[in-house]
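Given next, in structure tokens, is a single chain: the form predicted alone.
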């Protein structure tokens, strides 16, 4: 399989790589080769895999060294099945041998304050939740890169936020802790169709130099819409492009599948969000 930067750019954008004096390397090739895997072998992962992945996650940046995240590793098949049901009945959650639930976690800092007799008022503000969410996402992406370097497949599962309180009960989360998303980890099933690199928006829509400039956005989005529609057709998952999908995903509050009440839910779960 050709893993040259030019080939990987072509897969990621539907266009050739720009002229650049950038040599390829294993890290770039791994990052540009990322694809979501939803078919896993049931085999348990080798001893030490989980701990190695978490070490990679803890090596990510963290705001002010607050480390305001946690991860709950779920290997029990019955618990994975219950979480799959809560996450929109996504069966691959139950089939992956390891399901990681990433937690925005201010509770540890709150407990620290209690032990020290300090109220930790800063945790009451929206900033604290943003920091915890960013920390969790940074750690998770490090874990994805580490897992893929070991030949494992991964896929993120945001649908844990459909029923955050029920997920919190299942995971035994304390106040000030909420599952933001999950991550399936396992060996890709070789009998399933191989996951492919999904095209992303052209860089013209996300890369701004010096100042934000959306002047080329409409044309670039139209091109991408056609590219993604072609990819979807080739994968046998319909012919809809990006625009239609986005209109259905965030066009109305109902499209959020219950997440439109997230602010109130987070407050019930111990995040004041002042």
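Keep in mind it's a predicted model, so treat the numbers as computed, not measured. Positions refer to the first chain, counted from 1.
Note that the form predicted together with another copy of the chain isn't included here; everything after this is about it.
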Q.
With the partner left out here, check for me: in the predicted bound form, does some heavy atom of residue 67 sit within 4.5 Å of another copy of the chain?
A. yes
**Q.** residue 40, heavy atom within 4.5 angstroms of another copy of the chain in the predicted bound form
**A.** no
Q) Is the gap between residue 237 and another copy of the chain in the predicted bound form 4.5 Å or less for some heavy atom pair? A) no
Q.
At 4.5 Å between heavy atoms, is residue 223 in contact with another copy of the chain in the predicted bound form?
A. no
(Q) Counting heavy atoms only and using a 4.5 Å cut-off, do 63, 134 and 267 all touch another copy of the chain in the predicted bound form? (A) yes
Q. Across 28-57, which residues bring a heavy atom to within 4.5 Å of another copy of the chain in the predicted bound form?
A. 28, 30, 31, 32, 34, 47, 48, 49, 50, 51, 52, 54, 55, 56
